[in-house]
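To begin, one chain is listed below as structure tokens, in the form predicted on its own.
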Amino acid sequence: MLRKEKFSDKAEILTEAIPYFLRFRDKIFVFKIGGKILDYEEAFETVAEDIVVLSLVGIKPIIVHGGGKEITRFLELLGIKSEFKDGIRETDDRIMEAVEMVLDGKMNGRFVSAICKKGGKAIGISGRDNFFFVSERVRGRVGTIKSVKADDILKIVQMGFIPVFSPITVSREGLSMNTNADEVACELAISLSAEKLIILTDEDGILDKDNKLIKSISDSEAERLISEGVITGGMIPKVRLALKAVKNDVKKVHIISGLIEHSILLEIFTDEGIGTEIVR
């Protein structure tokens, strides 16, 4: 009879993951990382570690990060007030300068360093670099994505790098624009026909009317929950973008908590998962 040792359970977890290693090898996963994850060093480091593990088993991760709370803190230090409209910070020239310093400077470098420290090969990129993300002005210095240089991004991935994008975009005239990071990640995933778009949030995923986690949901069911008022608040724009992604050739969108230890690995490499997946 086969004998189990005290670490046999850990080996079983690895064997459960084997089919997923094979299925997702060389597939592109786009991640949007933001929220409280960025405030807790332990959560931040764990996310970086999970990203490195994905790259080591042959998955091609691409990251889009946020940093709104850090921008707010920096603006407060400068004595600058800022307001939000439709979930996006109202941005004039002075605020845009602060946004670029925080996102392109502090936050992007922090992500790259965390991944490289864990053994990954990351490269930090502003969305305005090489006009990777061209946007159209919504108002002030707020932009919405109009085009993505997918082929150039693929070349970076094929060189073995993990691209880490800040959500600074650029107008056709070369003016930097503040753009919602969820939107940037969604448009990036669509342009690359990504296998997965994974949105890390402060929530466990989409909840039903009894506040229980919905493990898997179709696009039509998600639309119904929005119309019925079950999906509310800041989850609505995330789900709207998720629906747009799955309707435009992204295979699946996952909304998971970044505050659960190794949530990315648990969602991707286990049969149960820990968040909500949205499919067509």
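The first residue of the shown sequence is 1; numbering continues from there. Only the largest set of C-alpha atoms that superpose within 1.5 Å between the two forms is called the rigid core. In this text the structure is predicted, and so the values were computed from the model without any measurement.
Keep in mind that the form predicted in complex with a further copy of the same chain is not shown, yet the notes after this line are about it.
**Q** Consider residue 42 of the chain shown here, and say whether it contacts a further copy of the same chain in the predicted bound form, taking contact as heavy atoms within 4.5 Å.
**A** Although a further copy of the same chain is absent here, residue 42 would touch it in the predicted bound form, with heavy atoms inside 4.5 Å.
**Q** For residue 226, is any heavy atom within 4.5 Å of a further copy of the same chain in the predicted bound form, or not?
**A** No, residue 226 stays farther than 4.5 Å from a further copy of the same chain in the predicted bound form.
**Q** Does residue 87 make contact with a further copy of the same chain in the predicted bound form, using a 4.5 Å heavy atom cut-off?
**A** Result no; residue 87 lies far from a further copy of the same chain in the predicted bound form.
**Q** Would residue 196 count as touching a further copy of the same chain in the predicted bound form under a 4.5 Å heavy atom rule?
**A** No, residue 196 is distant from the partner.
**Q** Among the candidate residues 235, 53, 230, 38, which is the single one with a non-hydrogen atom no more than 4.5 Å from a further copy of the same chain in the predicted bound form?
**A** The option sitting close enough to the partner is 53.
**Q** Out of 139, 146, 73, 121, which one falls within 4.5 Å of a further copy of the same chain in the predicted bound form, going by heavy atoms?
**A** After the contact test, the surviving option is 121.
**Q** Thinking of 112, 129 and 262 as one candidate spot, does a further copy of the same chain come within 4.5 Å of a heavy atom in every one of them in the predicted bound form?
**A** Yes: 112, 129 and 262 each sit within 4.5 Å of a further copy of the same chain in the predicted bound form.
**Q** Which of the residues spanning 63-82 lie within 4.5 Å of a further copy of the same chain in the predicted bound form, based on heavy atoms?
**A** Contacts from 63-82: 74, 77, 78.
**Q** Under a superposition restricted to the rigid core, does residue 22 display a Cα displacement of 2 angstroms or more between the shown form and the other one?
**A** No.
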